[in-house]
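What follows are structure tokens for two forms of the same protein chain, given separately as structure 1 and structure 2.
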Structure 1
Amino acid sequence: MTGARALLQLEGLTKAYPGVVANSGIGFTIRAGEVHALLGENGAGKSTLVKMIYGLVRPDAGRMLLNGADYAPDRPATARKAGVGMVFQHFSLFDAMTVAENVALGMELPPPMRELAAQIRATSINYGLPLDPDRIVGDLSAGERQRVEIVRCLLQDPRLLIMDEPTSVLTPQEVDILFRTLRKLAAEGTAILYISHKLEEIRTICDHATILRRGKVVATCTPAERTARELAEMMVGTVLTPPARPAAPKGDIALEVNGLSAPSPIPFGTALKNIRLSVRAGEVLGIAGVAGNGQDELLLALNGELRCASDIVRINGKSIGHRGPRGRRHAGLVAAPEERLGHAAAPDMTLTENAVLSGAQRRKLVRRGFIDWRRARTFAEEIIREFDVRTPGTEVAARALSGGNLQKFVVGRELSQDPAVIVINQPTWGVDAAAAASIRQAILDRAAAGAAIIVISQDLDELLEIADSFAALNEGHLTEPRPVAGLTVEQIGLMMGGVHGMEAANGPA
């Protein structure tokens, strides 16, 4: 692809927010027909850069050239008109409307519905992403929703397509299909700016990579010529050590779930259907699944926010299904939900107060109903020290911490309670590579110390790295847990439900 004409040139782009320079003097070139990776840890400045290209944020300095002409979009509509489309990580779709209606909402001058439906059908089949325009979006899987977003962009005939973490909601089989689509687009001359953490994917699909660290371009390379390890080290700027796992004999069954079914308390959520699992002391059970297949509900049911009949959940043989979060903590179960701010932590409360939030029972921070604030502060300080939480002190509101630091605090708070059972949803979501490695290590250390652990994650590499056994959630069903050793990616993909909604294209799965 090298030698193709330059499509988008960035020169000296700079954007500062109060207290932080998000981008400083960024310059690189995206050529027509290439898949260009934008790599960087959280907070490296990827999203700010992309927002400037898509017209959501205006740069303080620097300029952009699109096809050699000045390009300074003041809002996304201008960017779209100039031929720049974007697929966001979080979808902007209305659950209660049909696919075609959702697509029409994103257009300046939508054609009549019937015509639009025909266009959607044609475009989606042409690019190998079959989509029924009349279906209600609320009934679609995450992968199908992403297809709606992609097709919506493709209808505008973009010359540059920006994709932000597109595979985080896809099964491996769906990733293959997406990559086929991207290759076809590239072959037709569309440039793709591909943002991801997943280094193996970037090695597979991208022609070029630009690596950002602390708001600056630190390297460019051809990903296929580098190992994933080298790419990660370029991103982080240091040498990474993979987590060590001391082999430990597995103990007795610590957590047992027998036929748990529960309706979802979340609107458009997924009901849990007859979940069965057991985890031994010292074992890590990894639960994979595409987002929205019951992960949040499973965590709620395990940590006691959703209750059930007492015999359905047992900890060390004790029936605790009828107990709420406090009772389950007493029994030895701690949990870290996916959403840090608002669920795992109260945004406006200090770190000391947030330490009390879930640590009160097991760390004995409350005596006769009164909170021992000195002990609480000591506990918060301990978490900050042991988990390297970057904060000016304990008396800082949780919302003042960056996402990664708050995640370290929340995970650290649960792991520091000498638990018998740990349930964590997305332990390293939005956390930089170095912090992610230390969180994974801490989880493994807890397992070695005899805790039974469930890690729910959408990051397959993470699960394969730390889990002993593996199961997948698919529309509220949990597959039979299997040992990780010997599992292939294809098997995992099938456990996760294979390809959703592709019957039309591929025949019965």
Structure 2
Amino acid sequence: MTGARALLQLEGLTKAYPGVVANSGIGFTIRAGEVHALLGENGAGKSTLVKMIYGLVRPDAGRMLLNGADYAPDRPATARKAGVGMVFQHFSLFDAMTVAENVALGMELPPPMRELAAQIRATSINYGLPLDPDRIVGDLSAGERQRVEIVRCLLQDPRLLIMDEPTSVLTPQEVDILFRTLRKLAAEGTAILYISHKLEEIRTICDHATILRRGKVVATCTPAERTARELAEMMVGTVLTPPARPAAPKGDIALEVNGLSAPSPIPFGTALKNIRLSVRAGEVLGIAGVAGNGQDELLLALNGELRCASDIVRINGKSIGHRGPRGRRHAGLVAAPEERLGHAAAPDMTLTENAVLSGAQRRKLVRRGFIDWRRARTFAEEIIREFDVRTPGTEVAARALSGGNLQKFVVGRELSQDPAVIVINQPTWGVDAAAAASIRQAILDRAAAGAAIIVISQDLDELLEIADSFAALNEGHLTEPRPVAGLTVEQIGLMMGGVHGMEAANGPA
């Protein structure tokens, strides 16, 4: 790879926003046929950098060279025309349209639909990502949707493909398929700029890594020659300690769900089908599942936003199925949904106001119908301090925080309310290694204090690290919870894919 020609060269790229320098003098080279990792903690400047490469943001200083010629894209269409494609972390697909129609929307001059459908079939099969161009996107699994995004890029014959957290919604088996595709692309000379917080994946697939910290390049390395912990410590600039699980006996059943079935209120969502589970005080139940298999619906049903018959959900033996979110908070259940902006937090409200939204009852922030703003600000300050939320203060709007910092605030807000039952969907989504370790430790500390906790996550390493028992969601069905001890990632992947019973327990023959 060292002898391969330089495809993209960055020289002194700098971008500043009011009050912060996002990128300062960034310089490195990506070579043809190379899988190059871009690593850094939240706020390190990764997003700003790839936005400059893809034409979404103009640099204040520095320059880029593509194939030895000056490269300064003024918009994504210019970048795509030059041979730079990008697969974003969050899909930009229309559920009600077909695969071919979605692909056509991303092209400047799409060919006739029949010709495009043939191209989609041929390209998707050639790269091991088979797609039916006539299928409605809303009916596709998360893995299939990602295939649409990738194939849409490949049809434009990119020389550089930027991938942002590409495996966040995939099973281990689907990750293997994606990696085979990336190796094939690299062998054909395509360069791949790979962004991920999953450091073992970085070690497996990436040839080189550039590490950013606070907007500057602080290190480069060959990932396979480093451990995941060494990579994480290079990112954050400090020694990381793994979460410690305090020894604590499990108590009585705190949360019980018996035969929960419910239609999805979400367009193209997944109905819940006869969900049964119980979680004891001090226990962490990990629930895995590829996105779109009922995770959001399960949180809504447990949180009270999706109500059911009274006896179906019980907290400490009391029937609460008929109660809404406020009634369930009163009973001791708190929840942190996956969608940070719009569901977990109101974008245009301050952090203090967002602290009041879910903490008013359990933290006694309202007295005689009036908000006690002093107590509310103190609560927000406590969250910011204890969960290391990077923000100028409590009166900043939620939308002004980076995704990782808002995640820390939302999870911290719920964990700080002394709850009996905690339900969290994707607790460390989009946060860096140090923040993830901090959140996981906080979850374990709440369990040690006697809370019953459900963690819904697509990060299997996370579940194996903090959960006592494990179950998987597939098409609205929940497997029977079983102890984490002895489970392998491969067995979990099979359970997530809908394989149950002894077949999943034993793994493939």
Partner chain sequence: MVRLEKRANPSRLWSVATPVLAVVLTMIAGGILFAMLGKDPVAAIRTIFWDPLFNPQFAAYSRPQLLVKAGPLILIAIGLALGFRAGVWNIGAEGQYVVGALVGAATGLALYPMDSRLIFPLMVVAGGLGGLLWAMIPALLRTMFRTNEILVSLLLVYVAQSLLASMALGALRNPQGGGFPGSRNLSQWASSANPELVAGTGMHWGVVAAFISVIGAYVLLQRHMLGFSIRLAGQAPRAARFAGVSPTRLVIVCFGISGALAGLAGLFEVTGPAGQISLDFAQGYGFTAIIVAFLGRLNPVGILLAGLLMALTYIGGELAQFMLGLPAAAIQAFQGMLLFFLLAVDILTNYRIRWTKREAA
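Superpose the two forms; the largest set of C-alphas matching within 1.5 Å is the rigid core. For residue numbers, the reference is structure 1: its sequence is counted from 1. Note that the structure is a prediction, hence the values are computed from the model and not measured.
K.L.:
Looking at both copies of this chain, which one is the form predicted in complex with its partner chain?
P.N.:
Comparing the pair, one sees that structure 1 is the form predicted in complex with its partner chain and the remaining one is not.
K.L.:
Taking the rigid core as the reference frame, is the Cα of residue 207 displaced by 2 Å or more between the two structures?
P.N.:
It does not, since the residue 207 C-alpha is displaced less than 2 Å between the two structures after the core fit.
K.L.:
Classify residue 345 as shifted (yes) or not shifted (no) between the two structures, where shifted means its C-alpha moves by 2 Å or more with the rigid core superposed.
P.N.:
Result for residue 345: yes, a 2 Å-plus shift.
K.L.:
Would the C-alpha of residue 226 be classed as shifted by 2 Å or more between the two structures after rigid-core alignment?
P.N.:
False for residue 226: its C-alpha shift is below 2 Å.
K.L.:
Following alignment on the rigid core, what Cα displacement (Å) is computed for residue 394 between the two structures?
P.N.:
The alpha-carbon displacement, core-superposed, is 4.7 Å.
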